[in-house]
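In structure tokens, the next block holds one chain alone, the form predicted on its own.
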Amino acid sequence: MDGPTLPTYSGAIHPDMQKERDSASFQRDEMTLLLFDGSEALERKRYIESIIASDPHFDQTGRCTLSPAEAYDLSIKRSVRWVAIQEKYNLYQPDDGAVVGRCMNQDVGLFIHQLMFIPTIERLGTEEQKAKWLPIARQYKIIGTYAQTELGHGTNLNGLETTATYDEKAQEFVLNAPTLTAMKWWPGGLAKSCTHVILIAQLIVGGKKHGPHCFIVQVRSLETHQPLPGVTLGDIGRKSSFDAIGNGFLIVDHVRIPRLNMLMKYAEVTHDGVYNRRGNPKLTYGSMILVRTKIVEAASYEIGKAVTVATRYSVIRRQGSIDKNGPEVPILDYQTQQHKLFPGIAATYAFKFVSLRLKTLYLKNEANLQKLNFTLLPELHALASGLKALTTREATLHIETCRFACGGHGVMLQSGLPDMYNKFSAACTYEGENTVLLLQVAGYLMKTLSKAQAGETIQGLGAYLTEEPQSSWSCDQADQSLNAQLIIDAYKHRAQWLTRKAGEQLAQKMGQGLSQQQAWNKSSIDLVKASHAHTQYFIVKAFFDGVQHVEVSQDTAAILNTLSFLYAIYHIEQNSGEFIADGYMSNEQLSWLHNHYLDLLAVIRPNAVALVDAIDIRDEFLQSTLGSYDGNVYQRMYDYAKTSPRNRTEVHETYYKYIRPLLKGMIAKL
């Protein structure tokens, strides 16, 4: 593989780095156990990581300098290797795939097969369909992807243009993309790898439309891998993110498939053309919620990678002095640098606690759904949607801030930070565009508010909308303001006020004669603000509650408590106008919290390296000269630079082609 490589050091830890680790007030190993939910899960993670790190097929050195062709080739090669490794070591536990994805920087060309193709059949297929398709899918006799998004439509499923028209005489569905914008666009692995897709198309039976449904469609020959008749496939082109995945386009031109290729657990078309609903379609929501739960956890991990790099670099990089005529100090000693990085460390921990809480609610909801109990579903759907939107957006901002915090070195690909930003910023769009998701949360909030105002009993997180808002923050002394319940109350009041304000705005617009859809559009900015406040209230509450109930040593509990306050106060300051606009908080009270925030930065400072170490990311997967565990930043940077392809010769070919003629006055010959 051509390109720069990151050397592995087995020497001593840089003394500045060791000094930082020695200054920590808590035991890192205890914190790591907490973050990974106990020794069993942590040992499993490390076991899988050791397998991947020791296998040369998964070597990621130079990954940022690969050509598109090399990156794609490796993503497929590693996917196939993973199938063998999975079978050899029996790595089939639910979270094993997520660990592998993180180890391989999500550059796994065939992962959609396991992430979406197989699970969709498991959830939406009848027993007969599962018996037919799952064995060959699990044995990789076929390779699938999930084709929903079209060139002209994404989140709006009802707007999808691809059709599946039932031909009763032939007992087949005729699949067709009638317009340019109807072609499927984006499915991972579709371009050159997959043999089958789960196609989302508008079902038409007897001339009547029944909305989007799922169909299993073979798109390539199992012998030659050529596209089948009526199928046009290709790659959608270069992307700033996930460029190695092989995202593709698909056009179906009157392609026929058997009737039983429609996934029929919850809806069927009989042989004589009768459409029937079966069961409750709400049961299908669980998989979508699970994916968003995993994205929240991924947001924690991705911020963790970035703050690991930037924090470790910031204790090695020295610049300027704080005392007159004093020595140069690590840039992490500067309060401004702490302000850039420590909120990201806090967010890493906050989102980990939130993902655990969300996972608990997901499992509770799954048990309820099996009993046809849907009471938790609206709240959980709104919560998962809001958390996906907020955590991905916040993670993207923190990663970019970490890049800025590393100065010019942060721009270099060898830092790893540009790749982290490019990779995870896509999460703001996939699995639901963030603004659209926040408007879905707003729909839940407006329904809940309406019920609350009608005197109905509200259960769960939305119950705060039935409470009478307090007129002011019940804190009148600075030394009492660092109180978890008081801060939670402030977040609750903000969510109450913004939700009611959005509801009033909506009602006012409709009172002016606008339709509900028009009024919704005219109120959408306020609705998004309300959704943001509602979701952030949950994050802050879950973080505080989680920290207060963990069973850890006093020292570990203390630093977790510090992180929870820092996270909450940071976001109050970032959104201060929303806390004081209705008079609930005063500028003086905000100043009290600001002073606490500055004190919290100082408490975290000696613990910063230990906090990022506890996130437990191996050098092989971090792939950063700036953020390696040993702290030998400058030697690593120099060694990396020496392996650059441009340094293979002392005199570059461009000298002979262009520079020499320039120096010799021979420009006219160029």
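When you see a residue number, it is the position in the sequence shown, counting from 1. Keep in mind the model is a prediction, meaning the values are calculated, not measured.
From this point on, the text means the form predicted together with another copy of the chain, which you will not see here.
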_Contact check for 201, 267 and 286 against another copy of the chain in the predicted bound form, heavy atom at 4.5 Å_ = no
*Using a 4.5 Å heavy atom cut-off, which stretch among 524-532, 347-355, 471-479, 551-559 contacts another copy of the chain in the predicted bound form?*
524-532
*Here the chain is shown alone; which of 486, 260, 397, 507 has a heavy atom within 4.5 Å of another copy of the chain in the predicted bound form?*
397
*asked:* Counting any non-hydrogen atom inside 4.5 Å, which residue from 77, 130, 123, 359 sits next to another copy of the chain in the predicted bound form?
replied: 77
*Is residue 183 a contact residue for another copy of the chain in the predicted bound form, using a 4.5 Å heavy atom cut-off?*
yes
*Spell out, yes or no, whether the shortest heavy atom distance between residue 95 and another copy of the chain in the predicted bound form is within 4.5 Å.*
no
*According to a 4.5 angstroms non-hydrogen atom cut-off, is residue 444 in contact with another copy of the chain in the predicted bound form?*
no
*Would you please decide whether residue 433 lies within 4.5 angstroms of another copy of the chain in the predicted bound form, comparing each non-hydrogen atom pair?*
yes
*Enumerate the residues of 69-107 that have a non-hydrogen atom within 4.5 Å of another copy of the chain in the predicted bound form, in sequence order, or give none.*
72, 73, 76, 77, 80, 81, 83, 84, 85, 87, 88, 89
